[in-house]
Ligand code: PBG
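One chain follows as structure tokens, the form predicted on its own.
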Amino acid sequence: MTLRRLRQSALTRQLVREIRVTQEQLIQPHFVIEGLKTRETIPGLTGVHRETPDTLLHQVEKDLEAGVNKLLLFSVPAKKALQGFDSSFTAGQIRALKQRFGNDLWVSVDVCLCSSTSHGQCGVLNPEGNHVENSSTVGELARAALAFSEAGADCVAPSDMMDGRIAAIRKALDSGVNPRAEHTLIMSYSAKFHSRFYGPFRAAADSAPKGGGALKDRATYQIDPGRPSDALLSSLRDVEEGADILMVKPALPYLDVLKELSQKIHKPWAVYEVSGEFAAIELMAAQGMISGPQAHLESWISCIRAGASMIITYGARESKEWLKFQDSL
């Protein structure tokens, strides 16, 4: 069997390529920090910053000029709390984005409490301070999601991994309090694994766990890397509860999970090229060990090949240039 004839020229390879990444499939994360005076760089995340409200708008304008019209917003309030969280800063950023850019920009917003809590966990703790309470956390998440929807978000993205939060958020959005809320998408982090690849993100979002004992990390609610069956059960539940889009996070270490889930559950699938994955490529590129754009492209192609409809990546804003390398991999 002769297979190499279809590989022997670049133009032939362009004709027979089965998987292509398009700019329309990419979502750019943004970090906006309350009280920040000037934007700050993020170690490992080349070209990504902790933004002020003003620089956020300027950066989004530049992204739109580069063809990137979808974002995932992470907002860090100045005031930390244990419960009764204030969503007004995040809602204000959503409102400003939609007032400035309207329907030219698709705004999804992370719904979690880790950047708002004084302890860095993704929810409300019990009185003893050694366990994240599910029900009270879900209530806080539903209130936040409704506030973000009312501010104009096109999509809310709960990343906390609490049980039942999709049902609670969908109920809040469909309550009739705000007529537009029932049209708001829910992109569920349905298969979010307890991973060591989140480091740069936690610095950017001020969201590292600050406790000890059982709360030294997030293993009590994020999925164990050695138990992929939980990812299927979680995703099936989230579909039943009203999720519109499902997500696997991180990307490369869990492509097998993405492949299986996307074949079994016929919903749009997102995958998140998380900060540690992105930074690893950037650090190798900085040392001359790898071509950064081509390595990111290879990673993106593998995500689409495994079943993703969309990719959340810190390199989305560079994609106009990087995608030119697609046929020369």
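These numbers come from a predicted model, not from an experiment. The numbering used is simple: start at 1 and walk along the sequence shown.
Here the subject shifts to the form predicted together with the named molecule, a form of this protein not shown in this document.
Checking V156, A191, C122, I169 against the named molecule in the predicted bound form, a heavy atom within 4.5 Å turns up for just one residue: C122. None of L146, C114, A96, I245 but one reaches within 4.5 angstroms of the named molecule in the predicted bound form through a heavy atom, and that residue is C114. In short, of 268-276, 34-42, 63-71, 287-295 it is 268-276 that has heavy atoms within 4.5 Å of the named molecule in the predicted bound form. Using a 4.5 angstroms limit between non-hydrogen atoms, D206 is distant from the named molecule in the predicted bound form. Using a 4.5 angstroms threshold between heavy atoms, F201 counts as touching the named molecule in the predicted bound form. The named molecule in the predicted bound form is approached by Q222, whose closest heavy atom lies within 4.5 angstroms of it. In the predicted bound form, the named molecule sits within 4.5 Å of a heavy atom of F197. Along 309-327, a single residue, Y314, places a heavy atom within 4.5 Å of the named molecule in the predicted bound form.
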